[in-house]
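In structure tokens, the next block holds one chain alone, the form predicted alone.
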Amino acid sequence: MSELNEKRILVTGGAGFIGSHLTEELLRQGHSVIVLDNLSSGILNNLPKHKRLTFVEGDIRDFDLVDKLVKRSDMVFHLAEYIPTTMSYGSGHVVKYSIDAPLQDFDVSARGTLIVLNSAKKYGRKFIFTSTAAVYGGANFPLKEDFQPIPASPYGASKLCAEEYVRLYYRIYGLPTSIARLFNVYGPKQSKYVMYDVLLKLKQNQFYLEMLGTGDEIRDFVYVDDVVKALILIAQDEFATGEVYNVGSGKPIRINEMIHIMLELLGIRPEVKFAGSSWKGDVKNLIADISKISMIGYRPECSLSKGLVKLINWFKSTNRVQEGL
């Protein structure tokens, strides 16, 4: 096991949900952090005010800017992806965005990644890429990293394309790279996706809840702090170089069961209805096999119930909702 040892680290997309949690932990460990974010969905207030934090508002497709920032860094965590600016919190989803605008999604997720990756090669910087379980396309069994990917959306396809370049740069140029395929990450500061949608809709009406899908869809929800630990573990471990890792909880659950837990924690019993269908590209089941990353010491620590309590408390504190929700 190698150490990061007070490095200066570039985090693209660092003002976003996962990126800001990663930035906070890197600062806590004593590193200097440069965050590059165009604030298309990231929020500046997600980041702490810290003397070792430098924030740069910009786009990963800005070749000269990226080159300058990678040169100033010792390591790159690349999290930036295509999420357009939206004031309608709770309505956004990267899969849906990619369905609506596949060219823009490809330009950021694939070409943007290649631009950052190429600068990492130029200066010999370790490169940690956050990919997604969407590359798999879904299956009715736990997915291992060697499962043949069949993306069901442009988002999954563009991320898979980016993965191929990351692996190529390791094989051809010897660049130290690793890939983390994130499953369904949740936690404070996440202002979109299913759990946030539930809370937002219940804030508007505590007596009736309508959700997309059937409720029988299966997901592997993993708390954001566990994901941050996994990313840092991958960056530290010398055996992780050139490898791809699933990052999940290893404990799949049906959507309707997850919502039931949320309602129990909230202490309310609304009528719950599922629409029966979802947007194109949304898969039925995504289940993580985390045996590979467990071999380098990954142990998810936050249970779904504990994570949901933290998410709910954050939602209450930021939305000033009435007692009971």
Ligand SMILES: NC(=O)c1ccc[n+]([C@@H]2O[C@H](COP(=O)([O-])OP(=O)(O)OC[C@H]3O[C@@H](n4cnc5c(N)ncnc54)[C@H](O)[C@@H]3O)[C@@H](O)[C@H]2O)c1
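Predicted model only: the values in this text are computed from it and were never measured. Each residue number is its position in the shown sequence, starting from 1.
Absent from the display: the form predicted together with this ligand. The rest refers to it.
When you look in the predicted complex, the only residue of 96, 254, 192, 251 with a non-hydrogen atom within 4.5 Å of this ligand is 192. Residue-level contacts in the predicted complex: of 288, 36, 26, 70, one residue has a heavy atom within 4.5 Å of this ligand, and it is 36. Proximity to this ligand in the predicted complex, taken as heavy atoms within 4.5 Å, picks out 59 to 67 from the listed stretches 263 to 271, 293 to 301, 26 to 34, 59 to 67. The closest heavy atom approach of residue 120 to this ligand in the predicted complex falls outside 4.5 Å. Within 4.5 Å of any heavy atom of this ligand in the predicted complex lies no heavy atom of residue 308. Under a 4.5 angstroms non-hydrogen atom cutoff, this ligand in the predicted complex has residue 184 among its neighbouring residues.
This ligand in the predicted complex comes within 4.5 Å of no heavy atom belonging to residue 135.
Annotation: in the predicted complex, residues 151, 156 and 160 none come within 4.5 Å of this ligand through any heavy atom. Of all the residues from 127 to 154, those having a non-hydrogen atom no more than 4.5 Å from this ligand in the predicted complex are 130, 131, 132.
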